[in-house]
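Presented below, as structure tokens, is a lone chain in the form predicted on its own.
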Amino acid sequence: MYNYQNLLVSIEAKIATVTVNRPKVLNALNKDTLLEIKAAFTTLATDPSVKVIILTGSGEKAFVAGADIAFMQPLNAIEGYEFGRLGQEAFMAIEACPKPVIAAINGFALGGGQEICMACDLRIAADNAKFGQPEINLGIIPGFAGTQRLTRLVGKTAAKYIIYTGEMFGAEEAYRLGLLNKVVPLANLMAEANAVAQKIAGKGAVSLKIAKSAIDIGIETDFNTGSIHEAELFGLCFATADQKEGMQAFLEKRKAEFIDR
């Protein structure tokens, strides 16, 4: 097991919770934290005891306030490139994880903090959460694939406004833009994230993995190619025990008991 210094990782009832645990710096992302995030999601991706993952931040002020500016300030161009690539690789480990990942956003999600939550499948935010890509105010741009994911999520025009102005905006605006699935009171955030995780954990792991693949690959290709890929994956479902159980349970008017095969 990886010896995490900047993360808390727990598993209960098929749900893993990964907490970025650097509250003194509002959970800012430095090199070591990014390496741990990459390691955690790579490990959880193959852990048979885990079906859903929740990602959150320690404390009530910040989910992830951004990349660690004190760490970045002295970097040269080559070091900046390497740090950007590390962030991209860490967040790709989240996005490529075959299991659904839910971001429970409990405060500031700025810069790298907004970028990491965009790598998650679902995003639930507390009503006090704040979002933005303020990198332009530091003389840089989003470097952890933020220009790519934000544009895909909210469209080119909105993404350019957010990145060009560096403005911070609240949870309701993030919801309006399509960045969030839900906004809830801070006191209810983890309960809501766990409720959604439990609902998803009750589904078959194989069909969840296949559905994620169909969506993520399909969005990156043309409609016809994505549809063919979907049909192939749809056919694969019929080779699973969960498909037989799910349809038999429906016909027998009972709850399906999936075995994740």
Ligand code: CAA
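Residue numbers here begin at 1 and follow the sequence given. Owing to the predicted nature of the structure, the values given are computational and were not obtained by experimental measurement.
FYI, the form predicted in complex with acetoacetyl-coenzyme A (CAA) isn't displayed, but the following is about it.
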As a check of understanding, the residue in 37, 55, 197, 67 with any heavy atom within 4.5 Å of acetoacetyl-coenzyme A (CAA) in the predicted complex should be identified as 67
Interface stretch in the predicted complex with acetoacetyl-coenzyme A (CAA) - options 98-106, 153-161, 132-140, 180-188, non-hydrogen atom within 4.5 Å
132-140
Indicate whether residue 229 is a 4.5 Å heavy atom neighbour of acetoacetyl-coenzyme A (CAA) in the predicted complex.
no
4.5 Å heavy atom contact, residue 120 and acetoacetyl-coenzyme A (CAA) in the predicted complex:
no
Answer for residue 72 alone: is it within 4.5 Å of acetoacetyl-coenzyme A (CAA) in the predicted complex, judged on heavy atom distances?
yes
Residue-level contact is defined here as any heavy atom of the residue lying within 4.5 Å of acetoacetyl-coenzyme A (CAA) in the predicted complex; does residue 124 satisfy this criterion?
no
acetoacetyl-coenzyme A (CAA) in the predicted complex - contacting residues of 12-36, heavy atom within 4.5 Å:
24, 25, 26, 28
